[in-house]
Structure formats: C-alpha cells, structure tokens
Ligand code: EPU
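So this first bit is one chain, no partners, the form predicted alone, shown in structure tokens.
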C-alpha cells in the first residue's frame, strides 16, 4: 500500500512518533518497528489520528500488552495505536457494575475486584493483556471467559464515530467476538458480591493450574493455535512428536506444546517457520487444520 511522503500526523507530534521499535511492547520481545506509533491521551486525540489514517490510507493496528501478538521482523508499515495513557486505564465501581477503560491491565483489574469483594473475573487469572484485547479475543479458558460478564462495550470506527454495543447485540464465541470496529474504548462489566478471601482462593487456584501447565516464565505469546472443536491443539502437537522441536531460537515448549518459546537470538521468522512446520505435521498425522490464535502483524 502506498503511503504519503509528507507527515500525515503533522501537528500531532505530542503523541505520534515515527519508526518506533515494537519488540519491547510485546511478550515475545521480537519484531520490527512501527512506521508510526500513536499513543493518544484522550478520545479527541484518538479520533483525530484515526481520521488522518483513513484520509491517507494508512493501515490501522491496535496494540494492547502485546501478549497474543507476533510482529514480523520487517515491522509494520502503518499506524500502531496504543491506548496506554491514564485516560484509557480508568476503573470505576458503581455497585456491582464496573466501568473500565480498554487499556486497563487485566491482572491488575482482577486484583482490584478481589479487594473490592466483587466476583466474576477470576477466569482471567494468569492471562496477560488489556481489557480491550481480552474482549476482542473473548479471552478465557476452561474456567470461563470474559464475555460472560460483559454488559456493554464502547467502540469507535476508523472515522471517529463512537457506538455503545449492548449485551443484546454482542456475540462472544470461542476466541472471537462480533465486534468489527477497529477500536474498543472501554466496557461495563457485571460482577457479584462475594467475600474477598473466597474470590482470592478461586483466583489462586486458577493461577496455580496455569503455572503448573504453562511455561509462564518464558518469552512466549500464549497459545499459538485455537483448539479445534472437541480437540486440544496442545495434545495434537504433542502426539505429533513436536515437543522440544527448535527452529533457530524458537522452540515448541516441552511443558505445553501449544506454546512456542523464544530463546536468545530468536527472530519472528524462526517462530513463523516453526508455526508452518507444526501445521504441516499435525495435518499429516491427524488430518486436522490448526487455526492460529496468535495475531501476526502485518499478515
């Protein structure tokens, strides 16, 4: 895609920077730079930057905590938006209704709800990311998913128009929602009263399960593949004899085969090659086509 040579974000230099390395913003700590990094401090700044992208045909990408993301080595020839400023991390409790900004860290929010004696987000224990990214992917696992407690989601299209999606027209499926707008701005979440000790006990139990079954202390991006219906992607990969397989600095985790760990010197290309090998081997052995759960930029 041809991008204009003049700076399309002229006058917005306070929150738009050029050629910014993205590796430090991702859990993998690998990948190339963003042509533009946009870190708006308000809805108005977000609207203005998004409109300029639309007017000049600059592709829009939205970055949360970079947990479910692989940035290719050549980087991203577009505008990467990070909703990480204070405005996007607001948290407000009104009875059992929680208002939260899209940039809020899910683990920090979970601990806050425990302290407040509000139950409903325990299923997020051990899942890194922001609320915006969590809603987009309907994150969760065997203990439940975030979609079950969402009441409303505020979204914005690339022209800067803002809409509130209600429970009636939201669909949360396995690792996806029916939200197509590029920006999730925030949400309201319905919680229930419970004793903080009881909530913490459930949260700790889920976190311990994750710690014992997943390589949490390594550089990874979470599960690489979605579980095929009725099957486990990790089990299929394991049964294909792929645990411990390495390509360059990328390795199929020996603890959980649906994780690819990045070792020193790993490149995004190493991970992509390993993903391709896994898909081919699993199909050859099980005739199952694995679908990526990790987001790959700019593919």
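Values in this document were obtained by computation on a predicted structure and should not be read as measured data. Residue numbers count along the first chain shown, from 1.
The following text describes the form predicted in complex with this ligand, which does not appear among the structures shown.
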Handout entry: One stretch from 71 to 79, 114 to 122, 185 to 193, 224 to 232 that, in the predicted bound form, holds residues within 4.5 Å of this ligand by heavy atom
Key = 224 to 232
Exercise for the section: Consider residue 258 of the chain shown here, and say whether it contacts this ligand in the predicted bound form, taking contact as heavy atoms within 4.5 Å. Expected result: yes
Exercise for the section: Using the partner position in the predicted bound form, report whether residue 204 sits within 4.5 Å of this ligand, counting heavy atoms only. Expected result: no
Practice task
May I ask you to check whether residue 45 falls inside a 4.5 Å heavy atom distance of this ligand in the predicted bound form?
Solution key: no
Practice task
Evaluate residue 174 for contact with this ligand in the predicted bound form, applying a 4.5 angstroms cut-off between non-hydrogen atoms, and reply yes or no.
Solution key: yes
Exercise for the section: Give a yes or no on whether each residue among 141, 209 and 238 has a heavy atom within 4.5 Å of this ligand in the predicted bound form. Expected result: yes
Completion exercise
From 263, 243, 29, 35: within 4.5 Å of this ligand in the predicted bound form by heavy atoms is 243
